[in-house]
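Below you'll find only one chain, the form predicted on its own, shown as structure tokens.
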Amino acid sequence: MAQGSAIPHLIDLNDWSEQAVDDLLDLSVRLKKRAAVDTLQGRSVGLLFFRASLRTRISFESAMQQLGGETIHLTAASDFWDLEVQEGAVMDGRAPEHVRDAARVLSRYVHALAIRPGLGGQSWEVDRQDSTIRAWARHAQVPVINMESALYHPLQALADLMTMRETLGSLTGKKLCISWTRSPQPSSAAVTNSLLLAALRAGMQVHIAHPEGYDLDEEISARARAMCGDDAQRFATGLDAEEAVQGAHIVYARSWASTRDYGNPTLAASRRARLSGWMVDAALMRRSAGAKLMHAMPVRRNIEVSDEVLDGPQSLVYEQAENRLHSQKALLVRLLRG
């Protein structure tokens, strides 16, 4: 539940208690084995995308359909206009409507709102505040679900936990290696941030490999260190991939942009061009403890991960993608039926 709210929003997975997340995962497994038909009959969810989506949109629509409910899909580019999020704004600019009004009106039409907010893309200090998704949660009178903001992707982390539990059983003491991968169009670190915090809370050891200049947001790293307490060995970052993968049970490949040149695509491209390697291939996987591969997708084949690994027996990427459906069904049942 989002802090300071009586409505059970999902902005950051760690806003929910460990027990609540465990209950969601248990329900996810039950729903995967046998769907709860018509459980959400008469319920509706508004899907608002300010950025493109494939898996998130389809998995949400399929989840609601399989549960007997329905979705109403809106795309910012064609279905509605810019929204003001600043409190007390004098609205003489581009936005004709405040999120306060949009959230309150839509709350009277649907039973929950799932939102993928847009990013300004100019200043990391601005975007990292996640002002837009938090404004929706502040003003909506129904649950708000974060479908990936600048800092967090709780839906992906929930499916990732489900996949790792199915594969490894208890996660306590297991090692997760998150390896940065080079990509011509890197993602935000939202997936990495949410996975890191969720895995640590589940008792895993997390080692992150990345080149110089690709450190995670300092607040995220500080939270990770605080979660480890006196056991500083549970979390390490800035490692070489060959070092981080040693003894790993899961290797999670993921690209993310550098916050040092955020908003400067020319400088960002120059930084990436100076890097070589940083692909998860069979040679790297052999250094692990027989690890399984995970990736949130979309994945650039033979740039981020080699075909041999993606299509091989160590790959969990399709099971991981499928579990978005089942874990989101569990979340919807929890939010819309209690």
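So that there is no doubt, residue numbering starts at 1 and follows the sequence shown. The structure presented is a predicted model; accordingly, all values stated were derived computationally and were not measured.
The discussion below concerns the form predicted together with a small molecule, not included here.
Only one of 38 to 46, 306 to 314, 66 to 74, 290 to 298 lies within 4.5 Å of the small molecule in the predicted bound form by heavy atoms, and it is 290 to 298.
In the predicted bound form, no heavy atom of Ser179 sits within 4.5 Å of the small molecule. The closest non-hydrogen atom of His210 lies beyond 4.5 Å of the small molecule in the predicted bound form. Shown alone here, Lys32 lies farther than 4.5 Å from the small molecule in the predicted bound form, counting heavy atoms only. Within this chain, Gln156 lines the site of the small molecule in the predicted bound form, having a heavy atom no more than 4.5 Å away.
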